[in-house]
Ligand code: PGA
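Have a look below at one chain only, the form predicted on its own, in structure tokens format.
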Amino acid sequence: MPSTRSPRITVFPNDRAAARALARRITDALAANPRLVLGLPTGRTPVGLYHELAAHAAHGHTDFSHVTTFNLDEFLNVGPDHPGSYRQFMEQHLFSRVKIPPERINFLNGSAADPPAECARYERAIADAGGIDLQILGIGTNGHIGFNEPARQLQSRTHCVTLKPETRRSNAALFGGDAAAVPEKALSMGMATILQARSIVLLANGRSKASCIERVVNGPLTTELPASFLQLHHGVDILIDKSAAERLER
């Protein structure tokens, strides 16, 4: 059963059950508001979710033609056609399968000539869309969300960030398994941008995320665990499997 305070925690028997539940929440939200504005993550965790959403679309249960999306982040100096880009990741796992109109897909351009101007453009685009209705998040093993890495200070708005070594290692599969080939910098929505979403769902699975999840739920607010700032939002749901919940149950 989910808890009643925010963040609200729901524990599922496995990652597939969590992905199915989140897919149902998204499709229900789309039924209520076909022009939903979705914030989307990349990484291994949401792959199951995207598979479930594609299945809904394939069976004609969900229409994505009026959805607007904003992805959280992109590698710096990596263009949208680069096989290691998050744009190509999303194309493979979701966009090509649910037929969102290209003009409704919003992405940071990692190869932009002026990164600060690109970050400002993205903030304007989110505002022009009326803000994000439902923001989906994953969490890194070091507690980052988006590419907001642990630091003494966190950037509030979309910005350029230097990636931690563990984050580059986590993304090595996109660059032929070579962590050294992963760009050292990226563009990311900032924490305030994320927290302005009307609703937020954090999806996590596996024992490697258990420590971070426990600290997000029970620990203090700290820039050394960016995901802890989700405690400030009134409408956060955390969907996790049993392995990711193991430290909550002690």
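Just so it is clear, the structure is predicted and the values come from calculations on it, not from any experiment. The first residue of the shown sequence is 1; numbering continues from there.
Heads up, the form predicted in complex with the ligand isn't pictured, but that's what we're talking about next.
Query raised in the report: Would residue 110 count as a contact of the ligand in the predicted bound form, using a 4.5 angstroms cut-off between non-hydrogen atoms?
Result: Residue 110: no contact with the ligand in the predicted bound form.
**Report entry** Distance check, residue 48 to the ligand in the predicted bound form, heavy atom within 4.5 Å
**Finding:** Answer no; every heavy atom of residue 48 is more than 4.5 Å from the ligand in the predicted bound form.
Query raised in the report: Would residue 61 count as a contact of the ligand in the predicted bound form, using a 4.5 angstroms cut-off between non-hydrogen atoms?
Result: Residue-level check for residue 61: no, no contact with the ligand.
Query - Residue contact check: residue 66 to the ligand in the predicted bound form, 4.5 Å heavy atom - result: Looking in the predicted bound form, residue contacts with the ligand do not include residue 66, since no heavy atom lies within 4.5 Å.
Requested in this report: Would you point out which of 113-121, 93-101, 74-82, 131-139 contains residues with a non-hydrogen atom within 4.5 Å of the ligand in the predicted bound form?
Outcome: Correct option: 131-139.
Requested in this report: Please pick, from 43, 206, 183, 219, the one residue with any non-hydrogen atom lying within 4.5 angstroms of the ligand in the predicted bound form.
Outcome: Exactly one listed residue reaches within 4.5 Å, namely 43.
Query raised in the report: If we check the ligand in the predicted bound form, which of the residues in 48-72 reach within 4.5 angstroms of it by a non-hydrogen atom?
Result: Read in sequence order, no residue approaches the ligand (within 4.5 Å, in the predicted bound form).
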